[in-house]
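As structure tokens, one chain now follows by itself in the form predicted alone.
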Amino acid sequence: MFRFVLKRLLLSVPVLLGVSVVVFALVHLAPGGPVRVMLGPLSSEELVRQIRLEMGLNRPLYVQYGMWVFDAIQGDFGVSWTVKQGTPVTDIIVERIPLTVELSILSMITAVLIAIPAGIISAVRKDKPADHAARIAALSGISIPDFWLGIILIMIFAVQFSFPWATGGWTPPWVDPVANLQQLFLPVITLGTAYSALIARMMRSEMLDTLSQDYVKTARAMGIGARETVLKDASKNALIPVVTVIGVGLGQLMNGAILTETVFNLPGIGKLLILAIDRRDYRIIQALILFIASVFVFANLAVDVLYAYLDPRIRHDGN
């Protein structure tokens, strides 16, 4: 297992390095820049050149990239230029992480609690009304855009019913747990809907395949009850492939949080990224994209390790 994990960790290094190169190049080649944002559109070209010289933006891109990577390896992502001038980027991101992590975890838990039972029921009741209803709900969940669902929920709960907790904002759970859960209720529903639909479809497919296996038919022929066969045998085996979808989905939830936090005015990483892009704060953009990519990579690593634990054949093949 140690060799398996080590191999996956080593494979993640070139992935993150490639992401850093692409992001750095795209950010610096995009039109505009932090100097124009700081000085305004009416600033003279001479002043812009002087500030770019002081900030080191006049150097070749490969030199800037090398300096940035060298500092990033040491955990130093520099200071913000336009979002919070002079504030270390690491401090800004750490301040926003708790909300995004909480939103992602609650969305995942909600999606799993809804999707796993729905997928099992849909498979057991194949081609019956419960199956049709679950499949329609899953298809709708995948098709509906997160931002559209969020806007509709705000119109219903904030505008129509005037619930104060539906208007946005975030209270840390250690300050007021009740207010925290109320404020995250709609964002969690918005973010978890498409994710739960994906898991439910996967669970249904795996359950149908498992229920058709000979050992399940043999257990039923031996007089073992349908409930025990489904819950103790079939569902456990069907969950193994679903684990992959659940693990990888954590990274997808981090990605989906960008729009969800913007719609609900939540001060998380997603909203920070949008703000940094709007203000051309290169350092925050680069650090955030690298952070999100790292979440994807390590979520996949965790899934690989868990999958190898559940199925030792994968571990041996990986070596």
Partner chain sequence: METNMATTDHTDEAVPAAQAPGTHHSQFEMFWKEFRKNTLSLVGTAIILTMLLTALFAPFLAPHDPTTQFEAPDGEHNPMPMGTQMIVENDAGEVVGTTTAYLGTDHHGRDILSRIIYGLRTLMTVSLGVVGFAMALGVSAGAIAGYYRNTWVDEVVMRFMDILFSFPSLILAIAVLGVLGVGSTEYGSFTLPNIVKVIAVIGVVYIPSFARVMRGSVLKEMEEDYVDAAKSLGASDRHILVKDIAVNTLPTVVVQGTLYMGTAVLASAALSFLGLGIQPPNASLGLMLSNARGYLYSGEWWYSVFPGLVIVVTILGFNLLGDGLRDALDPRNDGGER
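Positions refer to the first chain, counted from 1. Whichever C-alpha set is largest while still superposing within 1.5 Å between the two forms counts as the rigid core. For clarity, every value in this text was computed on a predicted model and none was experimentally measured.
This next part talks about the form predicted together with the partner chain, which is not shown.
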Query raised in the report: Among 90 to 98, 68 to 76, 194 to 202, 108 to 116, which stretch has residues whose heavy atoms lie within 4.5 Å of the partner chain in the model of the complex?
Result: 194 to 202
Query raised in the report: How about Val297: is it within 4.5 Å of the partner chain in the model of the complex, going by heavy atoms?
Result: yes
Query - Any non-hydrogen atom of Val19 within 4.5 angstroms of the partner chain in the model of the complex - result: yes
**Report entry** Ile284: touches the partner chain in the model of the complex, heavy atom cutoff 4.5 angstroms
**Finding:** no
Requested in this report: Verify the contact flag for Ala158: yes if a non-hydrogen atom of it lies within 4.5 Å of a non-hydrogen atom of the partner chain in the model of the complex, no if not.
Outcome: yes
Query raised in the report: Here the chain is shown alone; which of Leu61, Leu53, Leu47, Ile277 has a heavy atom within 4.5 Å of the partner chain in the model of the complex?
Result: Ile277
Query - Contacting member of Val188, Ile154, Ile246, Val83, with respect to the partner chain in the model of the complex [4.5 Å, heavy atom] - result: Ile154
Query raised in the report: So which bits of 251 to 269 sit within 4.5 Å of the partner chain in the model of the complex, heavy atoms only?
Result: Gly251, Met254, Asn255, Ile258, Leu259, Thr262, Val263
Query - Rigid core superposition, Val23 Cα moves 2 angstroms or more between the shown form and the other one - result: yes
Query raised in the report: Superposing on the rigid core, do we see a C-alpha displacement of 2 Å or more at Leu11 between the shown form and the other one?
Result: yes
